[in-house]
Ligand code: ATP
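Encoded as structure tokens, the following chain is the form predicted alone, with no partner shown.
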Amino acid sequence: MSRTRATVSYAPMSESFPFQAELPEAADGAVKIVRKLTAEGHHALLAGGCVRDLLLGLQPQDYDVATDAPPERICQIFRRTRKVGAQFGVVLVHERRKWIEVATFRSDGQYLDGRRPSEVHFCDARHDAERRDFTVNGMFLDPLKRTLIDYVGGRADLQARLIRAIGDPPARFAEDHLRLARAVRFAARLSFEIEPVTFAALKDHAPKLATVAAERVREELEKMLTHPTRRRAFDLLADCGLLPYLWEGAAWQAEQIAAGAVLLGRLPEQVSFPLAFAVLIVDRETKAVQEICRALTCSNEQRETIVWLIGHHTDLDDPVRISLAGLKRLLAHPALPDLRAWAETRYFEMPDEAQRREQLDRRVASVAPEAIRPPPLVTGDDLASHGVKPGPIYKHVLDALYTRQLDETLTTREAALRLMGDLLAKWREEHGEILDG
């Protein structure tokens, strides 16, 4: 990858507006960086999503700085830095106990792989804005002069509540195929519409999402599904034709899409990714669920949680009928809050919704914390001491004994050992010899 290192002089502004709101305290680190770069003779601005969110009255998740100072100069000016993408002009600077992204103004060369430019050229703010994805993400804020700088019409699109690609929409999506998913995420999260020409280009390029690395797609999907606007995001994914390309081999029937949208809309505002994703693929076989999770490069913990939630998703539908042992096993699992939230979404469809909620509350409250996962009365050591050969019999006997212990029908070790002998004798009758030697 090649790049030019010369700093280009700042181009005249095409649009500027006063910014009168007070900046949150969280912006102090980024403002300090801007002030120091300016004092060193450079042009520096707050950039991208933080500007968009400030204009919308939202709390930015982070603050980014854009500047005409090249990476080497940034590292000279600031004491604590990390070069995380110096070839793209990106350096992390540590201020106010945070690492803040400081990027050199750049324009991009050709995108040959649908992800990264083949070369970058350090430039000015105007050209930097023009290479970004959507107009609402292409604005700058001078926090020292309190001036909004807009080269791409982002302020007008914010007021019109539109997601619009900067420049030629097909070209923007052809450059970076992940922008297809990002357009959906921004539109859903901000409750904006996608501008018609941008929407048409998005649909035309939808198959290109399949070329994006699975982990990048999963990250976008996580951001969509863990946000309260997840139902809108899913609807847009369907409308834009992106659902078949979320993972390799993705297949959706119309009824699956409709059911998934309804369930997402009923979930609480704050949910985990495993729960939100589980409700979308609940009707798949366990093997298929595992394959989908692997295709999306979900972590082992995410995959195991999704499989567990789907396997137990109806267990709390009738809080009265579930056994005490079954309830305790659910209470012992870290994903119980997700399982309970999912069950309560189904209560909405039932005429006795309030009664089921009360029954579930009573059943859960009736179990003392120390009774949820008590030490087993009998262990594998006891089986071994009786000369039992290792094999499936261990799981069979120990599970049966522990279930009775959780049900509180087996309360002493003596009784457990007697029952163990009965179970061993029955196994011997059905399966033959079980003892060593």
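Just count from 1 along the sequence shown to find any residue number. No experiment lies behind these values; they were computed from the predicted model shown.
What follows is about the form predicted together with the ligand, which we do not show.
Residue in contact with the ligand in the predicted complex (any heavy atom within 4.5 Å), chosen from 218, 356, 328, 131: 131. Between the options 407, 64, 40, 28, the residue in contact with the ligand in the predicted complex by a heavy atom within 4.5 angstroms is 64. Contact annotation for the candidate site: 137, 182 and 189 all lie close to the ligand in the predicted complex (heavy atom within 4.5 Å). At the 4.5 Å threshold, heavy atoms of residue 235 stay clear of the ligand in the predicted complex, well away from it. Although the partner is absent here, residue 382 is not a contact residue: none of its heavy atoms lies within 4.5 angstroms of the ligand in the predicted complex. The closest non-hydrogen atom of residue 376 lies beyond 4.5 Å of the ligand in the predicted complex. Heavy atoms of residue 124 never reach within 4.5 Å of the ligand in the predicted complex, leaving it off the interface.
The stretch from 42 to 50, 367 to 375, 65 to 73, 396 to 404 that comes within 4.5 Å of the ligand in the predicted complex, counting heavy atoms only, is 42 to 50.
Heavy atoms closer than or equal to 4.5 Å to the ligand in the predicted complex belong, across 233 to 260, to no residue whatsoever.
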